[in-house]
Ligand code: GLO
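Just the one chain here, the form predicted alone, laid out as structure tokens.
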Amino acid sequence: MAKKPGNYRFSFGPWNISMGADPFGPVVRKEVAFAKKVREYKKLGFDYVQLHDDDVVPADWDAAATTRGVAKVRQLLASEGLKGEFIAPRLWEDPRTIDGAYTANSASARRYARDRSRRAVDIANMLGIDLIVLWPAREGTYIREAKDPIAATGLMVDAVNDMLEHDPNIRIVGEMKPNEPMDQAYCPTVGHFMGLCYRTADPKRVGVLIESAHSILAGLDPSDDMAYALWHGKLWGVHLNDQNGLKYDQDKTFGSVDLRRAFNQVWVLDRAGYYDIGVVGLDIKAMRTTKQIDETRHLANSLRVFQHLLKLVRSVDASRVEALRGARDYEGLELYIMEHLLGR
């Protein structure tokens, strides 16, 4: 008897309810307090909260203040029936990391990045979270000669090892992106970081988080990236969104650009039983012209699209797909998928 498919858990980060500023214009919506954002989660159908370290407590608080602040956030989450999904050290906004964090040419900048990363692990422990997300935003260069790329790879491994040694239970995932804010990033794709995983001190505790738009920006299909990581047993997080071409990172509503591409992501995740592996995260921005009253609709819409695509995925006639594959009738297979997406 086939196993009954499981239920998914969903998350988003408080930064997904934003004021709409962009590099070319100011804010267009009022700021929403963190606690008020948290109170929207259950209403929208989400159970987990994605967190940067400084979403929880300011980066410059001392140990005692940090402990008190984390306790308040933990109480807030519990009061709403929520859990934290991960902690990500926000290393890219500090003046000391203008030239990178783990791969900075400055030894003092690298020390700061490692110290802050260990503190993020401590915050995660206090919140009962076992997952750390590393987005190596400034681990790269604007010009290739600015850093030693061979040494930079080793420095990234050293930074991961430092966190693994700091805590024996924490898991670490890399969220790779080929560019922006740097012109060119080190470890720009999932495959690059996967290779790095196996050179760390404890490979079984190092994996990847795949964001749809980041794969698209690298010219890759997100579902193939997901399948690759799933085969390795290292896909422990996803950020679903969409992307209109090889531009800046747009973080559009899931499925809003390419519905078939979104369908294939859900198909790969569901066939692998991802519901038993990790949380389905969203990382999406509201359109800049969105009114204040509609500031969470992009989240509700993305969740609705995922659930609709999940129904389509689970109603695919698997035997028909296999027969078409066996006959090498790919025109027939394509028509079947397109008609299935059209509800015919």
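In case it trips you up, residue 1 is the first one in the sequence shown, and so on. All values reported here derive from a predicted model rather than from experimental measurement.
In what follows, reference is made to the form predicted in complex with D-glucose (GLO), a form of this protein that is not presented.
Report task. Quick one: from 29, 297, 37, 52, grab the residue that has a heavy atom within 4.5 Å of D-glucose (GLO) in the predicted complex. Result -> Of 29, 297, 37, 52, the residue with a heavy atom within 4.5 Å of D-glucose (GLO) in the predicted complex is 52.
**Report entry** The unique member of 162, 249, 221, 258 whose heavy atoms fall within 4.5 Å of D-glucose (GLO) in the predicted complex
**Finding:** Partner contact (heavy atom, 4.5 Å) among the options: 249.
Report task. Considering D-glucose (GLO) in the predicted complex, find the one stretch among 173-181, 197-205, 154-162, 110-118 with heavy atoms no farther than 4.5 Å from it. Result -> Single hit among the candidates: 173-181.
**Report entry** Contact at 8, 47 and 85 by D-glucose (GLO) in the predicted complex, all three, heavy atom at most 4.5 Å
**Finding:** Heavy-atom distance to D-glucose (GLO) in the predicted complex: none of the three under 4.5 Å.
**Report entry** Residue contact check: residue 15 to D-glucose (GLO) in the predicted complex, 4.5 Å heavy atom
**Finding:** Although D-glucose (GLO) is absent here, residue 15 would touch it in the predicted complex, with heavy atoms inside 4.5 Å.
**Report entry** residue 239: touches D-glucose (GLO) in the predicted complex, heavy atom cutoff 4.5 angstroms
**Finding:** Residue-level check for residue 239: yes, a contact with D-glucose (GLO).
Query - Partner contact for residue 92 in the predicted complex: D-glucose (GLO), 4.5 angstroms, heavy atom - result: Result yes; residue 92 sits at the interface with D-glucose (GLO) in the predicted complex.
Query raised in the report: Hey, in the predicted complex, is residue 211 touching D-glucose (GLO), heavy atoms inside 4.5 Å?
Result: Heavy-atom contact with D-glucose (GLO) at 4.5 Å: present for residue 211.
Requested in this report: At a 4.5 angstroms cut-off on non-hydrogen atoms, which residues of 261-287 are near D-glucose (GLO) in the predicted complex? List them in order.
Outcome: Stretch hits: a single one, 283.
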